[in-house]
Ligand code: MEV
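What follows is a single chain, given as structure tokens, in the form predicted alone.
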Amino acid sequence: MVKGYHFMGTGYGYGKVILFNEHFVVYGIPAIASAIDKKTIAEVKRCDGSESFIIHDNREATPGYKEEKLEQQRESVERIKKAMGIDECIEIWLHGDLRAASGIGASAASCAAIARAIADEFGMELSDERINEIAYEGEKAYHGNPSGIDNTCATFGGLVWFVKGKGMERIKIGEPVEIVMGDTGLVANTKKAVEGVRERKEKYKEKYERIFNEAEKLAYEARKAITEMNWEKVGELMNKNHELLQEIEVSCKELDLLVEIAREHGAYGAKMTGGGLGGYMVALTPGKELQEKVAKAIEKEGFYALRTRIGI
């Protein structure tokens, strides 16, 4: 090491896709999610200054995303620092190949990356479990009452079965499988979407009870199909899950359009993913050829298509 030169602390966090039961997961219904093979990288170094931190956000992003999330990002960094007992000024750089957008776990990926980079910079030996707890604290700035699913995927990677308050279990599959994620280009407000569901759930008790029961049953069927790598069945269940999400009013016309395009071009199944009301949809496209066909169809309609894999 060159005398007087200080290498920066670095850390990473994976992006994620929720395959089943976003929103329902908030109420204790099992959800299935996976890390994807794209991540956010954070670099951190101590700095002199009266500010708590300086941040350089160099991530590629959906237009308007970083501006709209700026206040939440600032609160998030403060929460992370507090959880880690860091008082001094730090300078943070964010980059990586995960494009910042709604519905892909961008905020959680940055929280896990920043927590790991701070730990690295300050010589803290922290377990992944502890990094996950810190990332969850950071996520509160973005989601109010986060389910914990995003930060869990961001920290650990892999495919997970997640039940709020009970933590996660790994789901093992033989090999990663291709998916396409289509971006509506709309920056979604997850807090607002979650609050809307809560209000309607109180108002239409019977209707929502039926939908939530169906979502729970579907989760167990999906877990079985995934472990058997029965992708036709998984796709069919994704389509059904999208219908349930439409019924609780968290989809939107842009998401529905992307879902339709993907299905028309051979996707095994497609649904919105994440908070909804914008953000991303996900299409199951096993094999490079099908993945490319669906991605091109989405791009042809003027949307951004992300080619990635689950179960990494």
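Predicted, not measured: the structure shown is a model, and the values here were computed from it. The numbering used is simple: start at 1 and walk along the sequence shown.
The same protein also has a form predicted together with this ligand, omitted here; what follows describes it.
Annotated contacts: 25, 149 and 274 all touch this ligand in the predicted complex [non-hydrogen atom within 4.5 angstroms]. With the partner left out here, this ligand still marks one of 274 to 282, 64 to 72, 254 to 262, 44 to 52 in the predicted complex; by a 4.5 Å heavy atom cut-off that stretch is 274 to 282. Proximity to this ligand in the predicted complex, taken as a non-hydrogen atom within 4.5 angstroms, holds for one residue of 79, 130, 240, 143, which is 143.
Residue 194 is the only one of 194, 187, 168, 119 with a heavy atom lying within 4.5 Å of this ligand in the predicted complex. Taking the partner from the other structure, this ligand in the predicted complex has a heavy atom within 4.5 Å of a heavy atom of residue 18.
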